[in-house]
Structures are given as structure tokens and as C-alpha cells.
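In the form predicted alone, a lone chain appears below as C-alpha cells.
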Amino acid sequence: MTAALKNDGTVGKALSVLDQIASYGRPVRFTELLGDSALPKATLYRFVQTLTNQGMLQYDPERQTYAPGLRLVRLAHAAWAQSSLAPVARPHIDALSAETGETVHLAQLDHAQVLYVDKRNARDPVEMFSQAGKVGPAYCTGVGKAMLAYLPEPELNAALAQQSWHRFTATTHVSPDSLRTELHDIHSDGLSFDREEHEAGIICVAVPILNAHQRPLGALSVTGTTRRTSLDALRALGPRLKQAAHAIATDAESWLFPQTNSAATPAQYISKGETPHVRSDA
């Protein structure tokens, strides 16, 4: 049973049902959902019906399946525009993609895991796990390690406790102890690498996107394959990646906390058709 089911009451349980349905990656029948759920049948059915009535789920009467609803799509677009780094980072990752010809990722931490918020494919695209909107492990990805390395110790301890430590390849870290040594090096150097730790043949260099207090807002990476590049070649891109990350952090600071000529109140923003603390052209 998840923490949401145990601690967050009705809302937590409803969100857990949404998470469960989304995790299948396809429409799912109620019987299958019930088989994987910790909730009693009547309780689960009540949540599914309420979520469907609210547009958070959609029901296909012919196939008798449930899938995430269009209301979630609207909310996802709003979250992408208002809460992720993607709108601010777009011109910078466009430029990196054009310069390197390799895959560029933008990611943020979401409950100790990596959430890919944007991606540019290489000129010669390669099939890989990462896609915008997808969640991946933090302990064995370049972007994940770049962000973990700059977490304060209590937050790092909590994040490491939430990792699965599954061995994906021969080079995957399988314990916090082995990873901590590398995180120390990343913090010193500012560069993180994926040495085929999540997927065989996939390597990357990554940097954290840090705010003025050196806390990670996200991470940026350039990813390639062992077939056409090397870790040394990717390392050479480090200074350019750091430059882009700094530019994104600077733009994000202005986007989240815009400077104004006067102490405008929320009512003044609303009268101008703007949202407080969010730049209107973002």
C-alpha cells in the first residue's frame, strides 16, 4: 500500500488510482485494476466512477476499459507551462541540439525520481527509454545523479532511500555507498555521466541547473550512443552544457520571480490579465 493510501485520505487514494491506471500505458479493464489494487472492490469502483464523472478518466463502453481523461491533458499542459523548466529552457536546448546533433534532455526531480520534461532528438535518432513526461530512476541516469549531488544531506538521504537499486546493466550502482563516492566527484566537478548504467550502449554527460543558493532546479544532458561517440567526446561538451544550464537558471529566476517597478498586488496582475509570479510571455 502506498504512502498516499495510508496518509492522505480520500484525495490520496483517488490520486493513487489515477497513478495506477496511468502506469499501465494502455486502457485497462476494472477487473485488471482490481487485481492490482489494495483497495476493496466497492471502494475502488466508487473512486473510478467519481474520477470518470469528473473527466479525470475516460471510459470506453465498447471495450469496457478506463484510461486517463482529457481533463488530465489540460492539467498536464498547465503544469508543463507553469511549473516545469521546459518553457524557459526551450531556446537553450534547441541551440544545444543544433550544435551537437545529439539527443538533449531536460529533467527535474519528482519524488526522488527523474521526470523528463523536455527532449530534443538527435539528427540520427536512437531508440531509448527517455521521453518527455516519462519518469526514470535517479541513481543510474546522468541527469538524476547531477541533481542528487547537489541535494542537502537530509534530502539526499531521503532520496537515496527511495531508489530501487535495480541492476539494469553491469555498470549500474546497486547501493547508496557506491553512488555517494561518485556524487562527491560530481559536486566537485559539476559534471555527471551515465556510463551505460541504465541502458546498454547509451552514454551521456549532464550538469545540474542550480539556483542562486546552489539548489538543483533541474538538470540538462547531452546523450549519445557508444556506437558514434565516447565519454571523452561528451566531456568536451561540459563547458557548453554548464553555460546553457547557467542561462536557464538565470532565465528561470526571472520567470518565477519577475522584477517589477512597483509592488503590484495580485489584483493588479489580474486586472492586466497576468498571473502573479509568472512571466506572461513564458
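Remember, predicted model here, so these are calculated numbers, not experimental data. From 1 onward, residues are counted along the sequence shown.
The form predicted together with the DNA exists for this protein as well; it is not shown, and the discussion that follows is about that form.
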query: Would you say all of Val135, Gln162 and Thr181 touch the DNA in the predicted bound form, counting a heavy atom within 4.5 Å as a touch?
result: no
- line: The one residue among Asn53, Gln64, Ser254, Gln214 placing a heavy atom within 4.5 Å of the DNA in the predicted bound form is Gln64
- prompt: Only one of 215-223, 245-253, 230-238, 30-38 gets a heavy atom within 4.5 Å of the DNA in the predicted bound form; which is it?
  reply: 30-38
query: Does Gln58 reach the DNA in the predicted bound form, with heavy atoms at most 4.5 Å apart?
result: no
query: Heavy atom to heavy atom, is Thr10 within 4.5 Å of the DNA in the predicted bound form?
result: yes
query: Might Leu70 be said to contact the DNA in the predicted bound form, defining contact as any heavy atom within 4.5 Å?
result: no
statement: Across 33-52, the residues having a non-hydrogen atom within 4.5 Å of the DNA in the predicted bound form turn out to be Pro40, Lys41, Ala42, Thr43, Tyr45, Arg46, Phe47, Gln49
